[in-house]
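As a starting point, one isolated chain is supplied in structure tokens, in the form predicted alone.
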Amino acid sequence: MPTVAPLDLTGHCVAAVFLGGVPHFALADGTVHRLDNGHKTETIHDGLLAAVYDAAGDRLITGGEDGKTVATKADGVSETLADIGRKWITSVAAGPQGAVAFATGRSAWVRFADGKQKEFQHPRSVEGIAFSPKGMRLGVARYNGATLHFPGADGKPVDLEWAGAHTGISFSPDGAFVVTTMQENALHGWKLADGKHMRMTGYPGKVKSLSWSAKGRWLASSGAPAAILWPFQSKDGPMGKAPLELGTRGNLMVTAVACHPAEEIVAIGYQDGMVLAARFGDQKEILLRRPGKGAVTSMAWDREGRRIAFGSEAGDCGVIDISA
């Protein structure tokens, strides 16, 4: 049976991650908590708005209401990468070669490993940012589509248009597709080789969590009473194909998804705090955590795929060990 080690914190958990095998929990109040031979806490922001795990650097990249972009390592030591004054950092991304990106208002910035920064301005506000896993390419979600920038060169950006407000962005692991979350209950995607559109609709709620499976064959998403997994095995992605629906629970919405690092398994978090794991092949489910306080907001597997760190909007956090 899976075991749960709870960590009862106060406030909204923005990100639960493993750094150096140690579970870390970044809260909206600007604190980062870690379970490293006891419970330790560091305050790194005056209000934390965005957080992302940098797998290449094994660090947590965060942005705050204090205008700072900060990198935190497994030992709790934090480094301020950028400080743009009294502006809110609403989105952050980790890229190749030690680069990070952050966004505020209508600007997206890329900070290279040597400390140099490059600003990209947009006509409307930047809602989400992500790096492509292939080459130095930054995707920006914005009103009426997405824009792709090439920070290492001076070439023109590529605009991907689709009417509506796009709130988040993600590249497939092979860099062939880009997918955005939308203000309406939908995802939208583009096949980058030819610009073909991919409409992924039918959600009863907004999609706030996305996770690609280990080899990029599936894209798991929240926003429904089940985890919705779109197939990306073919060269045209999910067009004309029905998604998998895993972990269906009546009228309780899925609020977070996290795919296993090696196997075709997804952890599914719900609005009542429950966590399930489901296998793609036979759709078998295992209860990992009973309902708790608040909707699950973030989950992450460790590198071995044996533990899951989770956090909720009520600060109801912890670690699930499935090897127990």
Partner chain sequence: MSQPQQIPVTVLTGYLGAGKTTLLNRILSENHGRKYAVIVNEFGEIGIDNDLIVESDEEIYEMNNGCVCCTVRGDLIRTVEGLMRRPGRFDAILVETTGLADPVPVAQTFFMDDDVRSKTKLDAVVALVDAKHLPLRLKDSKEAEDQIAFADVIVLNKTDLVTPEELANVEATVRAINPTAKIHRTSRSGVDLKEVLDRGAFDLSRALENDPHFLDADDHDHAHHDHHHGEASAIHDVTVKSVSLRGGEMDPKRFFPWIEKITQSEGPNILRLKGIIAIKDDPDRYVIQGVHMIMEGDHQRPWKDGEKHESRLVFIGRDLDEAKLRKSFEACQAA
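Being a predicted model, the structure only gives us computed values, none of them experimental. Positions refer to the first chain, counted from 1.
Here the subject shifts to the form predicted together with the partner chain, a form of this protein not shown in this document.
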- Quick one: does E184 come within 4.5 Å of the partner chain in the predicted complex, counting heavy atoms only? yes
*D316: heavy atom within 4.5 Å of the partner chain in the predicted complex?*
no
Query raised in the report: Do F150 and the partner chain share at least one heavy atom pair within 4.5 Å in the predicted complex?
Result: no
Tell me, yes or no, whether F112 is in contact with the partner chain in the predicted complex, where a contact means a heavy atom of each within 4.5 Å. no
The one residue among E285, E264, D29, E42 placing a heavy atom within 4.5 Å of the partner chain in the predicted complex is D29
Interface check vs the partner chain in the predicted complex: of G164, G175, G76, G98, the one with a heavy atom inside 4.5 Å is G164
Exactly one listed stretch (68 to 76, 119 to 127, 228 to 236, 189 to 197) reaches within 4.5 angstroms of the partner chain in the predicted complex by non-hydrogen atoms, and it is 119 to 127
Triplet L49, G105 and K208 all within 4.5 Å of the partner chain in the predicted complex via a heavy atom: yes
Within 255 to 289, the residues having any heavy atom within 4.5 Å of the partner chain in the predicted complex are none
